[in-house]
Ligand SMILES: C[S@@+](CC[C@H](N)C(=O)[O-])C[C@H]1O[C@@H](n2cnc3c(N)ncnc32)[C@H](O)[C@@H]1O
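Coming up is one lone chain in structure tokens, specifically the form predicted alone.
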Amino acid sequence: MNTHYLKKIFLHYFQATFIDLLHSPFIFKLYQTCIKKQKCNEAFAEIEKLRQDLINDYTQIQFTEIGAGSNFVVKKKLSIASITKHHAKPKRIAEILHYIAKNNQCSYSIELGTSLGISTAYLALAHKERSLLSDILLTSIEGNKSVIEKAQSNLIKLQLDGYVNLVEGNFDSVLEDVIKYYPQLDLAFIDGNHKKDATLNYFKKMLPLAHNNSVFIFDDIYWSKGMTEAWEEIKSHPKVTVTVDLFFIGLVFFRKEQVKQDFKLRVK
């Protein structure tokens, strides 16, 4: 049992701010347009239908857990169903990612951790709905060859493959090469290698590309003591002005016109 996680979710429930108590116009708008549950988007139904198909797929594929550096590698066989259940982002979190990418008009994005492509599809859909193709750069990096091949197949089924560039490799090895092609970074979703040092390393590597309207999104900020320590260190960075703690993910903003504030909100 993950006692750290359970303790933090209990505290978050009681510490989170209710929306009617928010006094920040920026955060209020963010909540209303991105975090609050929106009207049904029919395009989401296609992605969720695919998710259900994957949950019912017991085909075994090679799965490699890659930690920081090359000294931590665990290879095993897992079913597609198991990978989907344990690694794909829940629908509500994926929806939030989509609306942040769409409403913040994010054209240059990086996702660390493609998995089977569910969250990737939600991000790619944001570009598609803005009718963008030639003026975007969405890259998703995944360390598992078999998994990224399945993700590519899934994106083709959803007709979203043209909106994302999939890159196979260890984040530590390929991230620097990927960001060379980016003039700026509007959105970064860090969802892989949930270790303190690795998370901070990715943050520091991408930070020079951040601008006033960028948003960095960190997954599983309370999964372990180390991840929570990484989250606290990121919050205190001098370039970070506003953070939004949704428990399951943490949002980081760099808006110079904002007073430095940290918010805790509930996802309903």
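Owing to the predicted nature of the structure, the values given are computational and were not obtained by experimental measurement. So that there is no doubt, residue numbering starts at 1 and follows the sequence shown.
Separately, the form predicted together with this ligand exists; it is not shown, and the next lines address it.
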Does F63 make contact with this ligand in the predicted complex, using a 4.5 Å heavy atom cut-off? yes
Can you tell me if K89 lies within 4.5 angstroms of this ligand in the predicted complex, counting non-hydrogen atoms only? yes
Residue contact check: I100 to this ligand in the predicted complex, 4.5 Å heavy atom: no
Evaluate D191 for contact with this ligand in the predicted complex, applying a 4.5 angstroms cut-off between non-hydrogen atoms, and reply yes or no. yes
This ligand isn't shown here, but in the predicted complex, which of 152-160, 100-108, 175-183, 81-89 has heavy atoms within 4.5 Å of it? 81-89
